[in-house]
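This document starts with one chain, in the form predicted on its own, laid out as structure tokens.
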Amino acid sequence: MKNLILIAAPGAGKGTLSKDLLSKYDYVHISTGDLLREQVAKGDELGREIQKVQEAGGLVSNEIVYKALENKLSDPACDNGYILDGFPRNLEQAKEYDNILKRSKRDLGMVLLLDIPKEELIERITGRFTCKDCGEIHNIYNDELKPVKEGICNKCGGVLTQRSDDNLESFEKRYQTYLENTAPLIDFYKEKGVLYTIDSSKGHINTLMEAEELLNK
């Protein structure tokens, strides 16, 4: 399978698509958080360095993340393809990722951009509620996901809760960060000829179908 980078604004469905692809194909899932936890678990010099920074409450530097990623790409499990989740986040990281790929002798693969109007993103975020018992996701603005009884899960009858950051103010901050840092990646990968756009406003099933069509080309 082709290696994948997913680019999407908050609420566009990146996590859902990633989960769908992982369940159907033999992909390795690579997120920054998982990378750092795996490296710490190894207990080697880099892992101890990461643990020291984290215990001090600091942010792990880009250089450390790059080293952890390069270590991960040396794993033969990645030979069947992997999905990068949340990386690269900006042009600096994208350019360094190119260098890592060269050293690792791996292909860039494909970059999938999940496209969706901002207005719909707002409804997805601010209308999203999750069952505290079974984890089922509901949305008060979506007829298919709307709870039949207010505040109650359609699946198990559990109580629905909403994340503290699922509000308009938090969304606007996250969306602005996306525009400033992540959106420039679109032009970067378009120039490389590896960017493919998917209309993710049609729901996760259609988004998955479009992604699979691209993967199978």
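When you see a residue number, it is the position in the sequence shown, counting from 1. Bear in mind the structure is a predicted one, so any value in this text is a computation, not a measurement.
Just so it is clear, the following notes concern the form predicted together with adenosine monophosphate, a form of the same protein that is not shown.
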Does adenosine monophosphate come within 4.5 Å of any heavy atom of Arg89 in the predicted bound form?
yes
Distance check, Leu36 to adenosine monophosphate in the predicted bound form, heavy atom within 4.5 Å:
yes
Can you work out whether Gly58 and adenosine monophosphate are in contact in the predicted bound form, taking contact to mean some heavy atom pair no more than 4.5 Å apart?
yes
Is Thr182 near adenosine monophosphate? Define near as a heavy atom within 4.5 Å, in the predicted bound form.
no
Partner-contacting position among Ser170, Asn154, Thr161, Gln54 - heavy atom within 4.5 Å of adenosine monophosphate in the predicted bound form
Gln54
Which of 145 to 153, 41 to 49, 28 to 36, 184 to 192 lies within 4.5 Å of adenosine monophosphate in the predicted bound form, heavy atoms considered? The stretch 28 to 36
Over in the other structure, so in the predicted bound form, do Asp79 and Val40 pull closer or drift farther apart at the C-alpha level? The difference is 3 angstroms or more.
farther
Are Glu49 and Asp79 closer or farther apart at the Cα level in the predicted bound form than shown, by 3 Å or more?
farther
